[in-house]
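Just so you know, structure 1 and structure 2 below are the same protein chain in two forms, each on its own as structure tokens.
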Structure 1
């Protein structure tokens, strides 16, 4: 199985990057599949900056921006915020970070998000992680975590599952057709899942089979 290092930007003979575009890994999976938790683990070990699209949108609400009310309403309904809003927040966060390696978590959520991101930034992901988790397990996790989120109630959770199946799975299928998806069984405990994740990020020489 290919690792992230296999598809990282190419370097010329002097070691400078031929392709100066940042390395992006999209982290996808249903609500409660463990994207955020695993991203925190990944950044500790592999030098990436973690950008959660959901967290950026929630920060935008808190900042009192003019889009805040619209974003809040969409999140409460489990709907997907217009691409231009999310992409602008992601671009800003990428610039601010000063890094050139990003884990983008919870985005793109539909085909329109995906196409718009690629068109606006010119960036294609190196790899797409797909945290594949049983719905009943995701539901259990969302209902037992207590982060005060307006969308962690059973009514909104059901809507988020539906949006995931109808809109986000097609994005995963698209990247599957390009050979970029690394599917991880995310129904297991956090530590076990991270063992699988590590194998994807570790350089080939350090991979244990």
Structure 2
């Protein structure tokens, strides 16, 4: 399996090279698959920095920067933020973190995101974690959690499942063909799921380099 050590290091906005060759793990899973909880566990146990594309976009909007205003306007108009914009935010966050191990959560959302990320950064993920969960279970979890999310109603939930399947499954298939996907049965209780995650990240497994 190709490792991140084989690819070029990322550049920051000033063009200077980062000497670290970062380890990138993409984290994918449907809404309610529990990937957020598992990301927290990975950070705590294995020292990764967690980057969420959605959080970075929201933070940029909140900052009031010119870039943030452009992002906000695009979202208001129902347009998709260009991949390059999201990737530059991810790249900048990687630079600023000082770490060399990253969990990128909920990205790439589709094949175009994936191709753009590799083209812009020169980085391929070492592993793609796919939290595979039955739709009925994800539905049950989303409806029962109390986070005050207005989008957690049955109709919206089903639309989100459909979008996830249509957009993300091709990404998972692509990385499966490269032997990078680690599929985890996320229907089980949190502790059992994390046991499977630990087996992937533990140094003895040699699966994440």
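All of these numbers come straight from a predicted model, not from anything done at the bench. Residue numbers count along the first chain shown, from 1. The term rigid core refers to the most C-alpha atoms you can superpose between the two forms while keeping them within 1.5 Å.
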## Note on the structure
Same chain, two copies; the copy that is the form predicted in complex with uridine-5'-diphosphate is structure 1
#### Entry: Core superposition between structure 1 and structure 2, C-alpha change of residue 101 at least 2 Å
no
### Message
Does residue 123 shift between structure 1 and structure 2 by 2 angstroms or more at the C-alpha, the core having been superposed?
### Response
no
### Query
Any CA movement of 2 Å or more for residue 81 between structure 1 and structure 2, core superposed?
yes
